[in-house]
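Each of the two blocks below gives one form of the same protein chain as structure tokens; they are labelled structure 1 and structure 2.
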Structure 1
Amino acid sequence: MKRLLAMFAAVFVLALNAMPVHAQKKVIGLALASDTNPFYIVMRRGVEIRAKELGWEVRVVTANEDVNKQVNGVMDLVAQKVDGILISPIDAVATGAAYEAAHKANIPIISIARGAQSTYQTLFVAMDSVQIGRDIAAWAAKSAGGKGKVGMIAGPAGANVFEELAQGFKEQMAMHKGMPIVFEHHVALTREQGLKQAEDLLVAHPDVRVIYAGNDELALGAAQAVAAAGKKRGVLITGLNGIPPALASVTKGDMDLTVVLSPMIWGRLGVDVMAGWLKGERPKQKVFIKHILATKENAAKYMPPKKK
């Protein structure tokens, strides 16, 4: 009987060892830039839904625009020996230690939405930030008839995506000599900051014609300030991300433009790129997501369907 039991145990161990590697459940970490921004809330859902479809587990670490907290969160994921990490870095440089830690542990770390200036960044699932900035400026200049002062409420300093967006915007706007940029501030991506900066801009330049905002939250805040000042008819406001409140605002005419990037699709794409990497696929350094300019004429069709 003992020999029989020993034989069954040996066969069981051999069967376990023979199981294919891909049958094991993957565990990935997720470190987004914000816990409260609607864009990142939807992106997280996209990641979790796609991961569930693949039978993967997602472990989320929160940061809410705190760089040190984000780095520490990634360090925790590395210590847990996750299979891969998806991150939207708060700062392109200051998060460098997180990327290095993942690299040393042989864990792929793929940036989504925001990228890092780190040699240890595995891949970047990005938008074509410079081109989007150019497209926003081209639309604004055409809509303003090529004349009028321009104010920029850009995203946080040190975040390469927002620097590239601003770069593209300024490159294109420089082609319109009648539209000088008279105001440029880099701030956190909150509606409160959009409101405050727009109020300051309207005091310094009451005849401003275009307000460029680095994301929809900033743009929605700017729209509040412009409406309170009674200047909506004379000021064009642009945002970015295509979140439902911004699309609704564009449809109503409070904002004038947002760029639809679909954070749900972005989150799913991030998981798919990670899945490919873990299978041995090696795409180019950047994988771009498509973008769409949403104006009053077409914004409504990009609104999410109403719940029944």
Structure 2
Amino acid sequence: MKRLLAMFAAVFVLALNAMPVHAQKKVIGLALASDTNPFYIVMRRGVEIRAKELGWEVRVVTANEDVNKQVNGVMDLVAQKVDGILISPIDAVATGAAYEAAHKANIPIISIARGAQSTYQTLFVAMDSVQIGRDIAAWAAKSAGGKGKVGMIAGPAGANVFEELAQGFKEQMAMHKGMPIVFEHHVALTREQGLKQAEDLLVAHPDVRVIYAGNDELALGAAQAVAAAGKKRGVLITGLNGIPPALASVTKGDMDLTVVLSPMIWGRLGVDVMAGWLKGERPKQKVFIKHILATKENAAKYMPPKKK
């Protein structure tokens, strides 16, 4: 009997030691750029689902793409003394005050998907932008048979991710002499811009073979313009992010490629990286997310499950 009791006690102590991660409920903050952009809506769901699995609480602040509001939101999280902050910064420089505030309060602040220039950025869960740009170009060159004009509707200049994507794309494309880049514009990431730029591109270069778009919204806009011009046959349109409407469009054949950087996985990975950090893991400055090229053949597979 005594031995049995001792054994129970030992198991109990062991269990207590093994439990702190579960026993200690963490509260983390999530500062999103917007609560209407599907990318962030799904990212938020990813964060919330993973946090729930760990028994954590998530407090969300959003900013309608207003960088001042995002800084304010992070300060509200700091005031609540959360255990850690996940942020997808609207601007690499302008969010500096937010990172500084978190740092001063000894709260780790980890950027997801978009990075900041602040020296107080704890970690950056990033995508390997240059490599993704190269992969898109390689796929497009192969699909086009190494011939044809290329137009680029890149994301906003000044945003590192989009600069690097475009840079990787151009590096890779430069290897194909038969595929000159005839059009390159840096615009805001909206469907309207994609539509408008593609319309102009189609007027200036009716024989364009590949349209590279900085993200899926731009690509969806471009696809609309191409369809309206009656040119779907023969124009390859590439996007980025793998948002559900883009995956549907690729499956249907309006768009031709998107890169699945599922915001769901971004969100989950962000929480896991934060969990590691809070446990004392100290990885290098950047943690890369895996990316997958989605084409007509496999796009449907990456559609997220419907929300209950």
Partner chain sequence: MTMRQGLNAARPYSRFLRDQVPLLALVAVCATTAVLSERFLSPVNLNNILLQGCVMAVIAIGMTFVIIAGGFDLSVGSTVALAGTVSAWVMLETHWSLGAAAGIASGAVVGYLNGLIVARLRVNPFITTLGSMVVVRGIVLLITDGRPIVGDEGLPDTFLELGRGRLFGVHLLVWLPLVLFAVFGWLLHMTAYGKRIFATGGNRDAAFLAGIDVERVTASAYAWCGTLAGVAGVMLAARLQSGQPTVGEFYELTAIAAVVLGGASLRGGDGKLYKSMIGVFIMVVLANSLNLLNVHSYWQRVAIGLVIIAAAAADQIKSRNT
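Only the largest set of C-alpha atoms that superpose within 1.5 Å between the two forms is called the rigid core. Note that this is a predicted model, so its numbers are computed, not measured. Along the sequence of structure 1, residues get numbers from 1 upward.
By the stated condition, namely the form predicted alone, the first structure is the one that fits.
Superposition on the rigid core between structure 1 and structure 2 places the CA atom of residue 56 2 Å or more away from its counterpart. Once both forms are fitted on their rigid core, the CA atom of residue 99 lies 2 Å or more apart between structure 1 and structure 2. Of the two rigid parts of this chain, the smaller turns against the larger by 13 degrees between structure 1 and structure 2, per C-alpha superposition.
Here the two forms are laid over each other by their core, and the C-alpha of residue 275 is off by 2.9 Å between structure 1 and structure 2.
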